[in-house]
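Before any questions on how it binds or moves, here is one chain, the form predicted on its own, in structure tokens.
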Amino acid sequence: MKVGIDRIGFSAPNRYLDLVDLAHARGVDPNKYLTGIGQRKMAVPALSQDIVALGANAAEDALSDCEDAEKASIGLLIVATESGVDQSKASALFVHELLGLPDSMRAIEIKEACYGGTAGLQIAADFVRAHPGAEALVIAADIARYGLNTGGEVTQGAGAVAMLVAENPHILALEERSVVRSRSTDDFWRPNYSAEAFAKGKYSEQVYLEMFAEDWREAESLGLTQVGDLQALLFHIPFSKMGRKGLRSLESVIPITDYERLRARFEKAIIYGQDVGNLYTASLYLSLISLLEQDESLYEGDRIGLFSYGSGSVAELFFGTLQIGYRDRLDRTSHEALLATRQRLNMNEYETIFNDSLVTDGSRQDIEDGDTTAPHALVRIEGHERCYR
């Protein structure tokens, strides 16, 4: 039985900061951002655009033409995030209500840094294999924050990707065998008391590349890489230069024709991410959407590799095959329009939005709607409770 991604969609805040503007404000050569880390813009979320709203909006995009009968077959909802809104209640329950999903299902939130989206996808695939006829909705949603005028500021971003996992999928059938490894590292973390993350940048990059190399060697020993038939290789991209370094590590170990094919398609896979920024759990899957919508040379039946990494750390290399008619489940026109019509912020506007915060004393706070065109938004905090549109 084939199981995999049947529908996919994404959402992003409707405001962004151009990294040339950030470079000038911080006294940095713009090429350090544009070339050095490989990014162009970063999404800037308003308070109303938390991970619940972004995740629900991504799900609306993925399920836009989904029949009610198909929604009724969803038996599992997973939200993967490292930007959770509550220490107890799963963000999936807020999303469940906003989407009007049936009560007869499981709704949970999971966490393992940027690997969480892949954990959710694999759990969902196992659920579908164990429950014939059932489907699962996986949402990866995050807001990357490092603080103003910090080393990590340029690698911020926000957004969400939603994936419906089902039997006989229309987009990507997932292979059951993959290579995964876990080890405790201290390369990146965000304590409960901090609104911003902390990172050891060079060390995190080192762990990322080491774990990719280990995954690749093991997958190769198991006959999973089949590099001559591998048409694309995607990476977790908190910024595009990170994934590019991962790919370059293969330049001397695989045939040059295979490397050049993977390199060309990697460039297509980073187009959306370069204009949205770091999506943590959703970064790999925004890369998948970018590849499928921007690369017209792919064919049905092509095999794709995906490398997922979450600091702390868990890394997994897995594979899937494009399905017949997969292009019919994509929406390149609306996704390009979403990114093209965003509002460009100046530095004062960006810093004002960044410094906005939610009340924590139980008083009422009515929240300005950052995007009135989006289906869902956080509109009010009152008595420590969140109220959504």
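All residue numbers are counted from 1 along the displayed sequence. Just so you know, these numbers come straight off a predicted model, no measurement behind them.
Just so you know, the form predicted together with acetoacetyl-coenzyme A (CAA) exists too; it's not on screen, but the next bit is about it.
Contact check for residue 216: no non-hydrogen atom falls within 4.5 Å of acetoacetyl-coenzyme A (CAA) in the predicted bound form.
Interface residue remark: residue 114 is counted as part of the site for acetoacetyl-coenzyme A (CAA) in the predicted bound form, having a heavy atom within 4.5 Å. Within this chain, residue 202 lines the site of acetoacetyl-coenzyme A (CAA) in the predicted bound form, having a heavy atom no more than 4.5 Å away. Among heavy atoms of residue 127, none comes within 4.5 Å of acetoacetyl-coenzyme A (CAA) in the predicted bound form. The candidate site formed by 84, 145 and 354 is entirely out of contact with acetoacetyl-coenzyme A (CAA) in the predicted bound form, as no residue has a non-hydrogen atom within 4.5 angstroms of it. Across the options 64 to 72, 50 to 58, 28 to 36, 330 to 338, residues that bring heavy atoms within 4.5 Å of acetoacetyl-coenzyme A (CAA) in the predicted bound form belong to 28 to 36. Contact with acetoacetyl-coenzyme A (CAA) in the predicted bound form, judged by any heavy atom within 4.5 Å, is made by just one of 154, 314, 232, 171: 154. With the partner omitted from this view, the residue of 318, 272, 239, 94 that lies near acetoacetyl-coenzyme A (CAA) in the predicted bound form is 239 [heavy atom within 4.5 Å]. Contact annotation for 263 to 281: residues with any non-hydrogen atom within 4.5 angstroms of acetoacetyl-coenzyme A (CAA) in the predicted bound form are 278, 280, listed in sequence order.
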